[in-house]
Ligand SMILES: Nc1ncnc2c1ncn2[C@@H]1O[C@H](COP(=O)(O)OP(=O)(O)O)[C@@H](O)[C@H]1O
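Okay, so here's just one chain, in structure tokens, the form predicted on its own.
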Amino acid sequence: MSEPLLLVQDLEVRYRVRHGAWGRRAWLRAVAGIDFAVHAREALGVVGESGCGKSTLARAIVNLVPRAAGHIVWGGRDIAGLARAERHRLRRDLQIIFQNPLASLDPRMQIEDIIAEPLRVHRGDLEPLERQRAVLDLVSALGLALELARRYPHELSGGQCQRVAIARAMILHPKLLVCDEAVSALDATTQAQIIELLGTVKDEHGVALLFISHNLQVVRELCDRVLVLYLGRMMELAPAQLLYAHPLHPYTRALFEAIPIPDPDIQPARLAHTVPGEPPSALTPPPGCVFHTRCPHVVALCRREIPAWEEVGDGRHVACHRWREI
């Protein structure tokens, strides 16, 4: 296999927060021990419950939050070691689409100016007419009416705003697009349109995707591989088809069992087998396997030792002491 576009090694991100009745400061470990690679033209999905560290991971990769440990390697170089000018150039290759499309767009700027802003920052050699032509061509290619270019974000629908956010990220022709819950705020029809659009961007423009989502059905449709996170740690990583056909980790199984099925004869029984409770606090994570407080297959070893990140063949990895037995 070719060299990866992005290589994440033992990544850890911590936040300093106030904790307890007296507001003492403590470290919250948002993600820890994260290891994966993203290759050209690949879509890697990242799934897990709220608070598992998905958005922190996305922001760390594009250098929006500092990391406490680990490496993020792009083009064979750790981005932490890049000079300021080199980090500035890196923005052309690494772009992010945020969860709330309206909140991520400047309400004082017209759509044409929002999409053209990356060109003004990174392509100062372009003439104004060249920028305008590039913007209008991309607007048309992404399914937006040209007359919307002179409107403001509040005059557009949620789906239109998300297309504008995608256009702003794509105008520089990046190599990797980080999508942080990019379709979660949209209705089902618009979600399907945006997913189709991202698939086209991946296949026709050769852009790699890091796709973060709660929607497991959307991830299955779009992504080549899937990474499962729980309380900031990796539980399982596998090709999407293998993961959905036969998940190895009990937490992955619990996620799939929570996918609703529109059948009143089946769904109630599925809900009865969902994992009880909520994840523990990231301020005081449990010892051993972080999932052991909710796992139906827990044994003493799970409470005592952190499971190793094992490669089990066919491109699959899992962190579970008992995956062979259950």
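Predicted, not measured: the structure shown is a model, and the values here were computed from it. Residue numbers run from 1 along the displayed sequence.
Another form, the form predicted together with the ligand, is not on view; read the next lines as being about it.
For the chain shown alone, residue 50 is a contact residue for the ligand in the predicted bound form, at least one non-hydrogen atom being within 4.5 angstroms. Taking the partner from the other structure, the ligand in the predicted bound form has a heavy atom within 4.5 Å of a heavy atom of residue 54.
Although the partner is absent here, residue 17 is a contact residue: one of its heavy atoms lies within 4.5 angstroms of the ligand in the predicted bound form. Within this chain, residue 38 is remote from the site of the ligand in the predicted bound form, having no heavy atom within 4.5 Å. 30 is the sole member of 43, 60, 34, 30 with a non-hydrogen atom lying within 4.5 angstroms of the ligand in the predicted bound form.
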